[in-house]
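As a starting point, one isolated chain is supplied in structure tokens, in the form predicted alone.
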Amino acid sequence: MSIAQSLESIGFLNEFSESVLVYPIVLSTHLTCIALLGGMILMTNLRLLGLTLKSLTITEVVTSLRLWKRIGGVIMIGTGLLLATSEATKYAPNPFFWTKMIILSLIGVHALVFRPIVYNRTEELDRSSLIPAKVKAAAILSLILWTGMFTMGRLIAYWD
């Protein structure tokens, strides 16, 4: 808790959390990025499962969304860090916050494992007559992890 109190006492974080204008703008930006990133992740994974966007190759879907996912992810993480550190004493005991952080770490592990064998080999997938099971497993796991993270993020507000 002392770390959380130290974080909150940093001048600009304290002013930020008490701001009636800046805080809501940053929170809205965070939520907007979550929605946009979530939609792009959903579309990518549904294409990897062969359920949608069948007129486009996997490469077209993955490549066209990659830059926007990265931009949205950076903004989402940056605003999330700002929001969490400005109210660190509120988040420190919150089990939904820590579950979200664990899931976010698992998403990082997912990216490290599946990027080289799925996302960096989309042209091979396009040439394949069937989408391999490991690709479908990566997509399903991604959907589960991201849904869990978004759910835990939403539940943070409901814990006292």
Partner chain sequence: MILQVTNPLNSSELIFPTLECIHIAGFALSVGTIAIVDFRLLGLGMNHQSTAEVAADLAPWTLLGLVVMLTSGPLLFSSDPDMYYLNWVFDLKMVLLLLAIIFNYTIRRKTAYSGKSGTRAKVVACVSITLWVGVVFGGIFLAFI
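Residue numbers count along the first chain shown, from 1. Here the structure is a predicted model, which means the values were calculated and not measured.
The protein also exists as the form predicted together with its partner chain; that form is not presented, and the subsequent description refers to it.
- By the criterion of a heavy atom within 4.5 Å, Glu60 is counted among the residues contacting its partner chain in the predicted complex.
- Mapping the unseen interface onto this chain, Arg70 falls outside it, with no heavy atom inside 4.5 Å of its partner chain in the predicted complex.
- Its partner chain in the predicted complex is not approached by Arg127, whose heavy atoms all lie more than 4.5 angstroms from it.
- The shortest heavy atom separation between Ala4 and its partner chain in the predicted complex exceeds 4.5 Å.
- In summary, the region of this chain contacting its partner chain in the predicted complex, judged by heavy atoms within 4.5 Å and restricted to 100 to 108, 114 to 122, 131 to 139, 46 to 54, corresponds to 46 to 54.
- With contact defined as any non-hydrogen atom lying within 4.5 angstroms of its partner chain in the predicted complex, the contacting residues in 127 to 160 are Phe150, Thr151, Arg154, Leu155, Tyr158, given in sequence order.
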